[in-house]
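In the block that follows, a single chain appears as structure tokens, in the form predicted on its own.
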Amino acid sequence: MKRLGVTGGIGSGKTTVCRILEELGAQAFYADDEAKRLLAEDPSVREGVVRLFGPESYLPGGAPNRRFLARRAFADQALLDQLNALIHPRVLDRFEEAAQQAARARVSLMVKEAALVFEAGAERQLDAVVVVDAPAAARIERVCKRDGVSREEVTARMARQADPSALRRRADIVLENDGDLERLRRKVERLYRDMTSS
């Protein structure tokens, strides 16, 4: 079984690429979804988050106050680094468990979608890393529409992420996502064949 990382900046189309790979037969692990689950359900993560950000990190019903956390974390690199250090090791462990289960089930391609593959050291778990890239204006527009946030909030998040050119240099494969879904689908189908044929 091959292990493929899919990364890229916010709004680049990582999830779209992974959904196409799943349609083709891959199994996908969404690191950001796992991080959200840990934030909501893991008592030790909750304790660490409250220690870092204060009691307003969680809403009265117990759910994470995502908007508050995003605003604080993306405005303070030291806080963001501490939050990542709290969550990333647990996400790496969960991916390893999921990949081993997939191998036992004879899945041919295990995909890990994560915004922070290199920053979390996750490339060590993978056979190859794909960077999905798209023009900045298209990324901003997608995220504003998807998340109901302002352009300023999106650009603040983008400023805290790795520069796309740095990601491209570290990538094994770069997928350009110019907004043409059919063209992207053909690129992903070729990627799937390349990853599963050897």
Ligand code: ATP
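Heads up: residue numbers just count along the shown sequence, starting at 1. All values derive from a computational prediction rather than experimental measurement. Between two forms, the rigid core is the largest collection of C-alphas that superpose within 1.5 Å.
This next part talks about the form predicted in complex with adenosine-5'-triphosphate, which is not shown.
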Interface stretch in the predicted complex with adenosine-5'-triphosphate - options 61-69, 46-54, 163-171, 140-148, non-hydrogen atom within 4.5 Å: 140-148
Residue contact check: residue 24 to adenosine-5'-triphosphate in the predicted complex, 4.5 Å heavy atom: no
Distance check, residue 189 to adenosine-5'-triphosphate in the predicted complex, heavy atom within 4.5 Å: no
Residues from 1-39 in contact with adenosine-5'-triphosphate (non-hydrogen atom within 4.5 Å) in the predicted complex: 9, 10, 11, 12, 13, 14, 15, 16
Core-superposed comparison between the shown form and the other one, residue 154 Cα displacement 2 Å or beyond: yes
Residue shift check between the shown form and the other one, rigid core fit, residue 62 Cα at least 2 Å: no
